[in-house]
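Starting off, we have a lone chain in the form predicted alone, written out as structure tokens.
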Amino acid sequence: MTIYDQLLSIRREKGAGFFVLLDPDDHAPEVLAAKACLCRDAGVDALLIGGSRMVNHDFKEAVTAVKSACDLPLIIFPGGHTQLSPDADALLFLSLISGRNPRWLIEEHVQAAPLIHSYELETISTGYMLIASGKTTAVEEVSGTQPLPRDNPGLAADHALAGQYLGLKMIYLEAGSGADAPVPDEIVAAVRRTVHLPLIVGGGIRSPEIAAAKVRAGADFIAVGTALETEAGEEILRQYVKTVHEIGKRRSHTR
């Protein structure tokens, strides 16, 4: 079974899934490995690994350490073509469809393609959409693109629909690491009504209650990273996991 099939299975069986993002720029490989084990024990569904700033040259070492310590699905969430490793289970092949910078629409992908092929990495083509969050985030700085406005759900839905027509497999709505505010529920709901693709929502999700609101609005997967840096204990992780799964199951029963 592919990792993508596993994600679809999580959505089908649990209603919604919970991901934790590990950033190699913030922690040494051994620390990331310990965090991964904590996530596994708390019931996290999958791990994302990657960062926006691309300053860490030990990316492969970090991936190897995490994968050696933990059997959770490990999916690269790349900040660029240098963030690749054959030890990961899959790669979100991100195209920044909310922006107009060709580097993040196709150029990075062309540079990454030969390595991905040689590593035999599973790719999950994903439309990456940056939504304004109240401040300039690292993703905005690195990508050199403007986020979509928070008050125009229809525009976000149109971008997601274009991604679906392009044949993408997932949509990722992103407020940005350390965002002041998460993606508005209205945008999540508008995208959910418009496309049938699995929908990931991340950035600015600082509590299980906020995660629950995104699932109620239509998110299939919640991704949290920065919010867990100061309180990454097993108990808070379990709260996130329990909340996301419970709300996801309730939502699936009403469909």
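It should be emphasised that the depicted structure is a prediction, and the values quoted were computed from it without experimental measurement. In case it trips you up, residue 1 is the first one in the sequence shown, and so on.
Another form exists, predicted together with a small molecule; not displayed. Remarks below refer to it.
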>> Each of 179, 202 and 224 having a non-hydrogen atom within 4.5 Å of the small molecule in the predicted complex: is that the case here?
In response: yes
>> Within 4.5 Å, heavy atoms only: does residue 21 come near the small molecule in the predicted complex?
In response: yes
>> Heavy atoms within 4.5 Å of the small molecule in the predicted complex: which stretch in 101-109, 147-155, 117-125, 171-179 meets that?
In response: 171-179
